[in-house]
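Just the one chain here, the form predicted on its own, laid out as structure tokens.
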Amino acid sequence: MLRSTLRLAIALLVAFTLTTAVAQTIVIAQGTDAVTLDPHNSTDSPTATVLSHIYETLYDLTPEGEIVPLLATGAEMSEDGLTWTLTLRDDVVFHNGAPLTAEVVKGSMERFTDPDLAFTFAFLLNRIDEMVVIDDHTIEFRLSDTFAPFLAHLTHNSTAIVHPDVVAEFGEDFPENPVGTGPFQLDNWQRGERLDLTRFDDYWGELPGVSGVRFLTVPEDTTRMALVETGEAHVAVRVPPQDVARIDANPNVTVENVSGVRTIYVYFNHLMEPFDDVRVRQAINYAVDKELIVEFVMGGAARASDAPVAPGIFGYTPVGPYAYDPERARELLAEAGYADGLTIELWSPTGRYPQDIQVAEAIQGQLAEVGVNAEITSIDWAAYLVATAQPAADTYVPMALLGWGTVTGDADYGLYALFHSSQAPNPNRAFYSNAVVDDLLDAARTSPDPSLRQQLYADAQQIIWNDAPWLFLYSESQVVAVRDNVQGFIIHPTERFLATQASLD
């Protein structure tokens, strides 16, 4: 009898321990998997979400839009604006125990800006001429020109600090073997299914209230919502509009709606007919009723675009919209030689953005009304990114739905990246080129005067709007289902979902 009671007690203790361990892992259901765990080579928000738990940047952009030190403790700019001196925290170690030093930061930044590696976002820091280590925790960045968004760009997740020795150790396998300074470290990655992180207990900052984070890859909306409703996931991102009321009525789940900095658009490939003709591009903008899409496809969780960047971004200026005018669309198509209509191929992801394929189908239906037959192509997200970023000689995607979050809070990142001719084909997948726009964006980067920068961006946006390199759609809100036993979970305006301060009741 005593033995049976003892066995039962042990079994109950083991069960309680396992239950507690599981309860301390927060489960997040995303629509797509991370593409890489190399921050310097990351280009999408689901990847950035994962990486923000593992790696850290020198500066951070708070949810309120404030630029604050993270791995740095402060920065000073020289009087001529050409030198930035940053001091670093002296209590930071990587997951392998190596300390953070100025030499490590220098090596990381040299890798990020290496032209031979050609990382997509290297343009963020392409004004750096030289980096000089002053001492173990002080580094100077010497610039070729004054560079107004310098600190803002240091908040971008792709500038996160990697350890050069770890990069050398793993070589080609580095993207699967991340070693950062963040509050979590990689435990297991089953591509296309799940990615597990465990808490890094030697983290320099306040430790998270959970022992682990699990990211589930769940492209299907209905499955993702079912997981959060049943409690198999604590968080489900991108709640479809038709499910908001039902899920919010669940006594254990709250649907959060947070404004974002992401603009959704369809780019036109300027190197391919018929999109080398501005009249066709403008016609398609007039043919699509964005307000209708916002109301009935997005369920109101978006705002029809009136500029190439979203409101709330420094430099945003309303320059639109393109009013819904199918008659004007037909006139422009006829002027361009397509009075009898035309057939085009429209690419769209499925499950990457809220209602993405549904939005593509709505566009397809509206274009049909003006004689444009749009045939939809959708492939796996990772392959989609590769297909849409082919160089000029190999480009073959004529138009594609994508999104861009201006995650630095500065229009330089939203405009220079997507509309400066030097950034084709990635991220300027449209191969858009306008010399006047290039000059305006270059001037706005180097001017220290905020009011002048605002005017330069306003002028550039008006030209871009008239050139119609995109079908301008909407800026989206982030609609996320969170179980009520989750505390401290951050739904960041930059479309990152962060458990770095989370705990579970």
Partner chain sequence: MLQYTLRRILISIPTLIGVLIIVFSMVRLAPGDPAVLLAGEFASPEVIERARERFGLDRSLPEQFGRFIGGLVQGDLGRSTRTNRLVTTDLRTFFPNTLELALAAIVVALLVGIPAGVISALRPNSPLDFGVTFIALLGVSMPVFWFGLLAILIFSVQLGWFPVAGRGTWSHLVLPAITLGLSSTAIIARMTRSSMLEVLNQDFVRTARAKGLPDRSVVLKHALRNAMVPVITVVGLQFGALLAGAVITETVFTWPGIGRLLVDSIRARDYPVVQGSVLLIAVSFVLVNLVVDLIYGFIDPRIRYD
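Positions refer to the first chain, counted from 1. Owing to the predicted nature of the structure, the values given are computational and were not obtained by experimental measurement.
This protein has a second form, the form predicted in complex with the partner chain, left out of what is shown; the following refers to that one.
**Student:** I'd like to check something about G403: if you look in the model of the complex, is any of its heavy atoms closer than or equal to 4.5 Å to a heavy atom of the partner chain?
**Tutor:** Flag for G403 set to yes.
**Student:** Any chance P219 has a heavy atom within 4.5 Å of the partner chain in the model of the complex?
**Tutor:** Yes, P219 is a contact residue.
**Student:** How about D202: is it within 4.5 Å of the partner chain in the model of the complex, going by heavy atoms?
**Tutor:** Although the partner chain is absent here, D202 would stay clear of it in the model of the complex, with no heavy atoms inside 4.5 Å.
**Student:** Any chance E172 has a heavy atom within 4.5 Å of the partner chain in the model of the complex?
**Tutor:** Heavy-atom contact with the partner chain at 4.5 Å: present for E172.
**Student:** Looking at 84-92, 317-325, 370-378, 172-180, which one sits within 4.5 Å of the partner chain in the model of the complex if you count heavy atoms only?
**Tutor:** Careful reading of the contacts points to 172-180.
**Student:** Pick from I247, A382, M109, A102: which has a non-hydrogen atom within 4.5 Å of the partner chain in the model of the complex?
**Tutor:** Only one option qualifies, and that one is A382.
**Student:** Just to confirm, with a 4.5 Å cut-off on non-hydrogen atoms, which of L271, A226, A152, M131 contacts the partner chain in the model of the complex?
**Tutor:** Selected residue: A226.
**Student:** Taking the partner chain in the model of the complex, which residues of 299-320 have any heavy atom within 4.5 Å of it?
**Tutor:** Counting only heavy atoms within 4.5 Å of the partner chain in the model of the complex, no residue of 299-320 makes contact.
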